[in-house]
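Here you get one chain, nothing else, as structure tokens; it is the form predicted on its own.
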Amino acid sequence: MNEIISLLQNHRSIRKFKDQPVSESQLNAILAAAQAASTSSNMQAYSVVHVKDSSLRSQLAALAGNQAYVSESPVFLVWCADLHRYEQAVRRHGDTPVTGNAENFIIATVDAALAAQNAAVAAESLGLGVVYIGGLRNKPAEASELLGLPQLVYPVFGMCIGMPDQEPLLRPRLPLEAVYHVNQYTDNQVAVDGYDESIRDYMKERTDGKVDTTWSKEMAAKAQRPREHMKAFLNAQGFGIE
């Protein structure tokens, strides 16, 4: 065990922040850490938009499901998968298409996620807290218009950053035996059974007994509300998803 592992294992989503700015030097360090993340074939197929305008942030908060911390956090970043810059680079040397295949779409999405996670860890190492905002994909076309995103760019998620003003409980994760496999995949439902009870206990403690649910029950509810609009949106942005 070391400080980095301890930091990673104590990650919690922060949704309430102190009225304390993130310094320019802190933000620069966070972004530098993001740029140091692994990237497929050095494509660096992502961009990040720092949303400073209060009116714009309020509109994005509404699009994301009225999540107030999008407006209230000291820093709000939007991490985007970006094949636009890649396409521009390719066109300097020919006309090979960069869309219409799943691989480049996956690369751009993964690159954005890897960079963002580096940023999250860097922020937490500075004593700051973060929360990811996947709710931007509720209204991705509207969010993209507000952010001025060109074709071949889409918002993967937002990220609030600031000094924590809460100490939420550490949410239990699936047991290792449910996600870790050796040589071949094994279906371990017994581990999920135990995890369901852990989440039940966690939710009861977190809500003072007001919520009685399990992980599998939450997943069943999530499956009933997929963002089916994403395929049409991505094709409208030029990704050519079949």
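Treat the numbers as computed from the prediction; the structure is a model and nothing was measured. Heads up: residue numbers just count along the shown sequence, starting at 1.
The same protein also exists as the form predicted together with another copy of the chain; that form is not shown, yet it is the one meant from here on.
- Not displayed here, another copy of the chain is kept clear of Gly238 by more than 4.5 Å at the level of heavy atoms in the predicted complex.
- In the predicted complex, another copy of the chain sits beyond 4.5 Å of every heavy atom of Gln59.
- Proximity of Lys139 to another copy of the chain in the predicted complex: non-hydrogen atoms within 4.5 Å are absent; the residue sits far from the partner.
- Shown alone here, Gln35 lies within 4.5 Å of another copy of the chain in the predicted complex, counting heavy atoms only.
- Applying a 4.5 Å heavy atom cutoff to another copy of the chain in the predicted complex picks out Val110, Ala113, Leu114, Gln117, Asn118, Val121, Ala122, Ser125 from 110 to 125, in order along the sequence.
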